[in-house]
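Next up: the same protein chain in two forms, each one alone, written as structure tokens (structure 1, then structure 2).
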Structure 1
């Protein structure tokens, strides 16, 4: 027990936490630069710098001084510690108990490994050659397997080692729940996809038409400004794989990838990342430079990106507003297609190879495939060298399409090269959460569709801020969702929303 007064321990804890935020901000900024504009030759040196700073941060976060402060706060009487500091200490305690047994030099090596691997991934994807990345993935997975028993402070690995990785991104979920969830998706969505795909597919005449990058940038900026992305607190750049980078609520950066022959690809990628960014931008100032100043889980984070991308961005109301604007800014982009044909074609359902280009209905099936492959990699039933074939076989079985090369197959996502095993399920969880939020918001803002049709997104943005964003990670994901929507996790509602929406668009009830 600490011999120092609790007020002194709280002050010391707050100071240490702020110091950690300084390192985190520097590391995040270097990582953003590495993926957006740093010279390719700089990658190894930058990876070493990121690794060195990460080691210092790791040592500080797991120091004896930090642990003493945390324990003093957690054991102090309720009336001596404010709620925010206590929550910060709970989060710090969990981090310490997960990480303190990992030697700092091993953690540094792992950070350097993943930083280098992300650069190698870009080269491997460009060359469509998985063998370039495979040695790095083997090292990453071997390292994570060594870390899992150390991270497993709750005994989650007893039923499956993957539970420990999943818990880092999505607390409260296990493979048992996700197995049931993904089985339900396969059972209910695959037949629906086949039914719609059996109909005559609407034409998308904009595909293949060249829309210059500068014109797309103007269009995307119009959307960002309308929905409420704060350019005083953020910026938009380019990268090979779109991502969001939140340094703190006054500096949130997003990227997109422009495809000149498919301008809607960048539009929806930008809206997706904007959802992440507005979450971070609207976190309450009291959490800035603390360990509560970010989203509560990746599932909740993905709910925000999928909400803006799909629930809003693919709604008829959104296009009632935006179609005339888009037609004016890009008069030749649609190949002469009118609104009704465009809106139906926008929702064309067609099993495809690329996750970030997939339609709203098949998207979660792409996640199902990744989830099952990740589980197999960590239970020992799948070797890294066999990953391309396993990937291709899964796509053939579940979506009925087969990659022609690794670039459109196993190499299409950056996540594994960064060590983010356990992340992918968050996308599908986020889809469910987004559906729950849409239903709840609809009951509280019954005229939201009319507002969006008029280009007014302010009520939606304020509602999300009040119910989700402002809390940062002060509330765990399932309790947060239950408090806001009345249900911790409801995949039935998500599936029903999709079924209802696409039944109307494609007249399935006739």
Structure 2
């Protein structure tokens, strides 16, 4: 029998959770500020403050007090706890059980290690020298290997240790399922890419033409306003690497980077971040300042950014609407290219070395490579020192291109230096989810293409809000996708959509 009546425990749990959200909001804002405009000399002191508040927040989230509340709620009779509080407790419980067995000093050591590794990565990338980073990666992987059995509250490591890492970013996914998924990608997309790449590549005459930053800013704001990014609840800034950051559904910020000689770069990165941002802006108020007030997983989040970037932003309807606007705002930006040539050029497929610059069709193949290597690192079949060769071999095999040096190869992404193993697959899962959503939405809003070609995105935005956004983290990704699209994960649909789209554009069926 509990000493406290359950209502009191709920009250206390809600208060503690709210306090955690305060720390989260403060830390997010401090990080946003560092990346967008803090004075240069501020970084070290700010990093200490962020670290200090993170530690305080971590302790609070894993405190005895919190655990008692969570246990009381989870063991209370069904009818005494409302659904939202129960879900909050389930999520808190998972987080506590994962964290609490890790010795705090070891965890702190690991945080310092990854923070150092990120700095070393910058240097290694600049110097194209993997050996600088290798010892750090080894230590990170060693530490994660030690943490995996502790984190493994659901017994996922038994079939593969990497499952535990996967589950942290994308609950419900395992090596078994992803092996099948990536095998299918390889089987179906690699030949498609080869076929298209063997045809003559359409020209992109806008590449290299200077579009001044101010003109690009206006263009990007035009798109954001049209698709429904709420400037009353958000802002657009610049940063070296574009990102979205949700402080609250009333304050969601995105950044972009303007490349003067490639104005579509900023446009698509803005649309991408806008997808993330509208997710956060449209989460229901009831989840604010709780642990359910953000997107439910990395994969579902990525589905939103990809949806706006690709399914909408690279659709013919989108350009039916936007091509005249763009031509008017930036009359010289396209080098005189007409609509049809432009639209085809927009879909130029070219296997390349750099993930973040890759096209819609090859993107998931970059993820395939990373998935394969991550898995091998954790089942012991690949040593860190052999990573560069394995990387280059995989690129040669899958994409037919070989890095000339590690800077454009294994050192291109920051993720591993930060310890984010298991994160990459979310990008590909997000692509699949975006395709599922497009298909389902197409059934429910049959004239969406016409609406888009009229510059009306409101029905789409409302549809996404009602089916995905509003729920925040109240529903796990697989049940959510199952409920909305009828399937928890359907890579076939994704591959078919790509095949259909590119077959039309590049006349493959003639």
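What you see is a predicted model, and the numbers here were worked out from it, not measured in a lab. Just so we're on the same page, rigid core means the largest C-alpha set that superposes within 1.5 Å between forms. Residue numbers count along the first chain shown, from 1.
Enquirer: Would you indicate whether the form predicted alone is structure 1 or structure 2?
Expert: Answer to the question: structure 1 is the form predicted alone, whereas structure 2 comes from elsewhere.
Enquirer: When the rigid core is used for the superposition, does residue 74 move between structure 1 and structure 2 (threshold: C-alpha shift of 2 Å or more)?
Expert: No, because once the rigid core is superposed, the C-alpha of residue 74 moves less than 2 Å between structure 1 and structure 2.
Enquirer: Does residue 170 show a Cα shift reaching 2 Å between structure 1 and structure 2 after rigid-core superposition?
Expert: Moves: no, less than 2 Å.
Enquirer: Does the distance between the two CA positions of residue 39 reach 2 Å or more between structure 1 and structure 2, the core being superposed?
Expert: Yes; that C-alpha moves by at least 2 Å between structure 1 and structure 2.
Enquirer: With both forms fitted on the core, how large is the C-alpha shift of residue 105 between structure 1 and structure 2 in Å?
Expert: It moves 4.2 Å at the C-alpha.
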